[in-house]
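Below, in structure tokens: the form predicted on its own, a single chain.
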């Protein structure tokens, strides 16, 4: 099953660190090495906003808030090497219905976004930031070996730090929330993955995943599992991609007015390795993404290889597509799945939606970013 590059966005910066498509709007956020976050239209692939002037060093990670109130409001969190997290808002009053549209010249008027909050406290570079499934919590992780959990007010302007989690022994590279539960996973230079959840107003480590032999660079939850189930994909400098599944969860059955640290049955999750995906990479694997639409997984890394995996049956995966030198000779830092937006209309409606309804499961793209500063758009060509 071949893979095809359908577009490339020359971002004109030294490096693309991270990419995040908006969950409901045709917007793509890019974390760049030039201290800014770039916003692009997924209708036209033209830039619609540049968020800069507030971070002093590279922006390493970006994350959209899933539920931000008004339909056209968008809230973005940025994590920077300057040790801070920023929160930006495009309010509906500032919203232009023509975002992402162009005239014959191709010039685009950039939107105005408001920088509404700076979250400080980490002692070193912030490596990743991620919103929880309902947008209640924001997690950040850092080279200072800690994971912070923040709670936002309704206006996304006031944030309270609920917990500073310090169980990792090395640099924390990545955080990711479960798509349906307030369950947080973190990946670290200490070769482990840890699971965190709230237990009687305290955030506790509910599980630890051990198996990788080197730095765990990235993690992502399966978004297609049934309620109560949980699976996680991880990638590592040990050149493997692994899938883990939650086997059981115990604890928290005694009287809740007893602090969790004194109870005899604190929350505990048992996670086991379900599969090691077919090995293709010949260097550190920097990013994985699990599609919520097709259930496929994509991985990228230092070797410039882009690999797409498909599950044959539980615990058994096969490679269905791969592309060498997907960013020429450059390393690839990030890869994400996104809905394929087909409309080029100014309002973002899809063209011929009813006509293409039967093919919706095929309508997705892979978006990658690398050290060349380009953002590449890919399609897996489905054989009919």
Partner chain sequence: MSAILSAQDLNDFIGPGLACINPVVVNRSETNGHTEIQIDAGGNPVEVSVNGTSNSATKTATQLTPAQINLSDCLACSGCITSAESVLVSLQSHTELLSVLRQSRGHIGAEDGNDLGSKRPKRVFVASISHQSRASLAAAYNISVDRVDAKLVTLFRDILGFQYLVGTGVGRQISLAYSAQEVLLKSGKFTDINSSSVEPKKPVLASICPGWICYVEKTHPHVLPYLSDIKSPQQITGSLLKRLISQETGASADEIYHVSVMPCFDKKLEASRPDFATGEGVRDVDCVITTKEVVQLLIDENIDFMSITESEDARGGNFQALAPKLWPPGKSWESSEGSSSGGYLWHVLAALSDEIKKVEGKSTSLKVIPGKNSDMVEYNLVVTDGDKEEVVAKAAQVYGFRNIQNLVRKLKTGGKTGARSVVSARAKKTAGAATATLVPTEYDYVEVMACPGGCINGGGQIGAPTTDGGDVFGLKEWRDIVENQYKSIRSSCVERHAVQEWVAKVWGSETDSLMTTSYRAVEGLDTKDAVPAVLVGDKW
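Being a predicted model, the structure only gives us computed values, none of them experimental. Positions refer to the first chain, counted from 1.
From this point on, the text means the form predicted in complex with its partner chain, which you will not see here.
*Asks:* Evaluate residue 83 for contact with its partner chain in the predicted bound form, applying a 4.5 angstroms cut-off between non-hydrogen atoms, and reply yes or no.
*Replies:* Yes, residue 83 is a contact residue.
*Asks:* Do residue 333 and its partner chain come within 4.5 Å of each other in the predicted bound form, heavy atoms counted?
*Replies:* Although its partner chain is absent here, residue 333 would touch it in the predicted bound form, with heavy atoms inside 4.5 Å.
*Asks:* If we define contact as a non-hydrogen atom of the residue within 4.5 angstroms of the partner, is residue 15 a contact of its partner chain in the predicted bound form?
*Replies:* Although its partner chain is absent here, residue 15 would touch it in the predicted bound form, with heavy atoms inside 4.5 Å.
*Asks:* Please tell me whether any heavy atom belonging to residue 247 falls inside 4.5 Å of a heavy atom of its partner chain, as the geometry stands in the predicted bound form.
*Replies:* So residue 247 does not count as contacting its partner chain.
*Asks:* Can you pick out, from 281, 174, 168, 122, the residue that has a heavy atom within 4.5 Å of its partner chain in the predicted bound form?
*Replies:* That would be 122.
*Asks:* Which pick from 158, 238, 182, 112 sits with a heavy atom within 4.5 Å of its partner chain in the predicted bound form?
*Replies:* So the residue touching its partner chain in the predicted bound form, by this definition, is 158.
*Asks:* Among 288 to 296, 221 to 229, 137 to 145, 303 to 311, which stretch has residues with heavy atoms no more than 4.5 Å from its partner chain in the predicted bound form?
*Replies:* Contact-bearing stretch, as computed: 137 to 145.
*Asks:* Is it the case that 193, 277 and 317 all touch its partner chain in the predicted bound form, with a non-hydrogen atom of each within 4.5 angstroms?
*Replies:* Contact check failed for every one of 193, 277 and 317.
*Asks:* If you look in the predicted bound form, which residues in 203 to 225 sit within 4.5 Å of its partner chain (heavy atoms)?
*Replies:* Heavy-atom contacts within 4.5 Å come from 217 alone.
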